[in-house]
Each structure stands twice: as structure tokens, then as C-alpha cells.
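So this first bit is one chain, no partners, the form predicted alone, shown in C-alpha cells.
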């Protein structure tokens, strides 16, 4: 614990931050905010720098990642605020004459007995969620059309593409047949954990391909070829393994992009993602492409529709219906930074201590370090994660939070997407998410992903948005207008009764 709450979570020194690593070049903390990396998640996970060679890869096989040790203990995931998600606004648009029947049970999908056992015994599922019931027949029915799928955070999207990958594996072919690309190492490891749990009885092999820290500069060249049947990883690492001929794509049946809007956005991982997709299509034109995300802005949606096969299927939710019903959103006016910190400590965290875990989102590493120090100085035990930490420290901090050893996690947007922790019932937007190029404009997709950390699979939760400046007020108004909602105001930042009333309304007290 000392490492995560102390030195490992503090901002890096200027000398350290200027050092070139596998996650890119970290800007010195002393520079103004405009010098921050322009990427979502604060730091790019495995951005390939000019002049990078194979020897600069930070890869390790799944055994070295110790994914089993990152696994979540089910006994710690009891949550009294769990409701079934409704997802009533999901709409499906199918192409061509292929008939699809919504699956009332997992048996309706003609899955193998081994997969059904994994679903019922390991995952403890009883029946498909609505998105699973609608999308799985589209994924699993020949001729295996491409799918662009958008649905609420926490609605069960991961199960859809994991089950899709596992169901298409030929156990007799000991080479990669399914590939899943994710924006961060944390999400890659989490998805691999789900796949290994769901596929426990199938004998299907899997491996993670993500950046890793190491003192050895030639670790990639010594890595053996991948023979795992399912590979999950980040785009730069996957692309390098393909170029080194260590990841065969000749037998690829399914290609998945998780958080697909970011994977295919210009300010995301578009170049690497398209290269991977085109290389696979060149060798296997029938490879099914599955694109999953809670958000697709219009620009990305139009682009995505042009790169998949023309007879693709769609599953989507209207943007005004995306905001999670099970999560109550509030805004809190604070006159200055000191009152924001006081409200967090004396109001939200004190009241929320028995309600589960809390994630506090900030926009920069600098804000993360400042808030971390302030809360620790006030006697609160918190951990902090951002893209400039070493991969080992990030894994350690995530594991401690998932194991329930820490209750409060401060994070940049490196964990805004896909991070699944059942016990998170409170999210605090210490900084409202804004677009880098135009900081007066809200980043609507990131906002939705952030609040979704408190709404995993229909659970109840509360989100507190801190509003301090006139710009913050304007951003909050734009968020209201965009999603067609009215975020309720907590009357006073200093009133315990006002926060109690908000938590009661959210079903948490």
C-alpha cells in the first residue's frame, strides 16, 4: 500500500518525465497545461515513436503478466445496489436476408456445453442481458456479418464479443484465430481475465499483448511466436508483433475493437487500427469485424460505416437515451479549489465510506498529484493512477482497488473507458471532461464513460460534478442540453444534509 499511496502515485520528476518510454514521451510537469499529450487517457499506452524498432517493444507473455493474480475475487463483489439493466432503447438494424431471433436463454445460441458451463458456473449468469440477447445471434449466425454495436456502459458488451471470439475457435488449430484490440493495458488485461473465466472449460488458449516495463532493451526479439488461439492487446504492440511475424493472422476468424470509437478516431489509434484491419483482410477477407463502444460520435460513426463490409449489422442507442437511468447525476458549485477538496473529504467520502468505492476523475497528471497530496495530508488513504506511472505500478494500483484494499482512486481518463469494478458506486468529476483542442467544449463521450464507472450492469450510483468557474457552468449546461437531461444541483457544497438527500435519492442511503 505504501508504494501506491506514496511515491509511485506521485507525479514523476522532470528528468523522469522527459525520458522516452514505450508509452510515448511524457511532458515535464513544469510545462503549462497546453504541453500535455493530446491523447485520451492522459498518456498513450503504446504509441510508436518515430525511429522505434522491434527492440523497443515492452511485451511479455500472459504468464509474466500474472493475469490470474489480477483476477477479481467474487466473494468481494457482493453489491446490494444491483438492479437488472433495462436497456429498453436498444435498436437493431440488420442487413440482408439473414434472420435473427433474440435469444431468451444462452441455450438458444447453440453454444458448446463447455461454454455454457463457463457462463453458468464461472460467470454466474442466469440469462442474456438485452444487448446480449440481441447482438449474440447477429455475431454467431452464419455468414458472420460485421457488427457495429453501441449500448450503455455496464450493459454486458464485453460478454458479447468475448463469447463471439470463444465460439468461433477451432480447438484443433493451435494458432491465433481471434484478436481483440483495446486502447489501454488495463482494459486488455481485464478483458483477458473475463475470457479466461468464461472459457475455463473449453481448453482454448489465450494471451495478452500489451506494453510492459523491463530493464532489458531487447525483450521483443527474444519473445517466442504466439500460438495462443485468442490474443488481446493494445494496437501498437499488436502491430509490432505482426510485423515481426510473431503473430500469425492467416487463420483469423474474428477481429474485435473494444472502445471502437476511440480506436478508430483520428486523435486515437486510427492509423494502427486500420493497418491491423487491412493486413488481416488481405489474408482473410471473411474475418468478422466487431466494433463495440458505449459512444460513437457522428464523425467516427460515418468513418466506421465506410471501413466495414457493406452488409454489416448495427445495434445502437440514441444519444439522448445513453445517460444511465440507474446513476443519479448532480452538480456541486464550489467557490474555489479548497472547497472542492473539503467537499470531497468531509461530505462525499465521509458519507460514502460504507457505500462502496469511489473514483475521482481529473483531467491532468498535475491535478492528480495535487489532489492526491491534499487528501493524504488530510489523513485520507487514496491511490492515484495516470499514464506516466510505470506499468508495474499501474497494475499494482488497479489490483489493490479491485481487491478492495483501497476505497478511493484518483484517475485521469486512463480508466474512464471499460474499467469494471462492481463496488464503485460513487464517481466525482473533480474536473469536467473537455476537449483538448477546444477546452470550452465538453468531451461528451468521455463524460458518459466516466459516469458509467458507477453504473456497471444496472447498479445504482451517484455522480457529483464539481462546478467552480463560469466556464464550468457553461460546460455543464452544454452537457445537459446534449443528453437532454437536467443534472440536479446540490444546494450547498458544505451541507451534510444536502449530500445525504442526494445519496438517498440515488438509492445509496
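Numbering follows the first chain given and starts at 1. Just so you know, these numbers come straight off a predicted model, no measurement behind them.
Unshown form predicted together with the DNA; subsequent notes refer to it.
Identify whether the DNA in the predicted complex is within 4.5 Å of every residue in the set 262, 269 and 394, based on non-hydrogen atoms.
-> The answer is yes; 262, 269 and 394 each reach the DNA.
Stretch in contact, per heavy atom within 4.5 angstroms of the DNA in the predicted complex, of 224-232, 273-281, 328-336, 379-387 = It is 379-387 that comes within 4.5 Å of the partner.
Of these, 436, 100, 303, 316, which has a heavy atom no more than 4.5 Å from the DNA in the predicted complex?
-> So the residue touching the DNA in the predicted complex, by this definition, is 436.
Partner-contacting position among 196, 363, 129, 423 - heavy atom within 4.5 Å of the DNA in the predicted complex = Here the answer is residue option 363.
With a 4.5 Å heavy atom cut-off, would you call residue 293 a contact of the DNA in the predicted complex?
-> No, no contact at 4.5 Å.
Quick one: does residue 414 come within 4.5 Å of the DNA in the predicted complex, counting heavy atoms only?
-> It does: once the DNA is placed as it appears in the predicted complex, residue 414 has a heavy atom within 4.5 Å of it.
Partner proximity in the predicted complex: residue 177 to the DNA, non-hydrogen atom cutoff 4.5 Å | No, residue 177 sits far enough from the DNA in the predicted complex that none of its heavy atoms falls within 4.5 Å.
Using heavy atoms and a 4.5 Å limit, would one call residue 240 a contact residue for the DNA in the predicted complex?
-> Contact with the DNA, yes.
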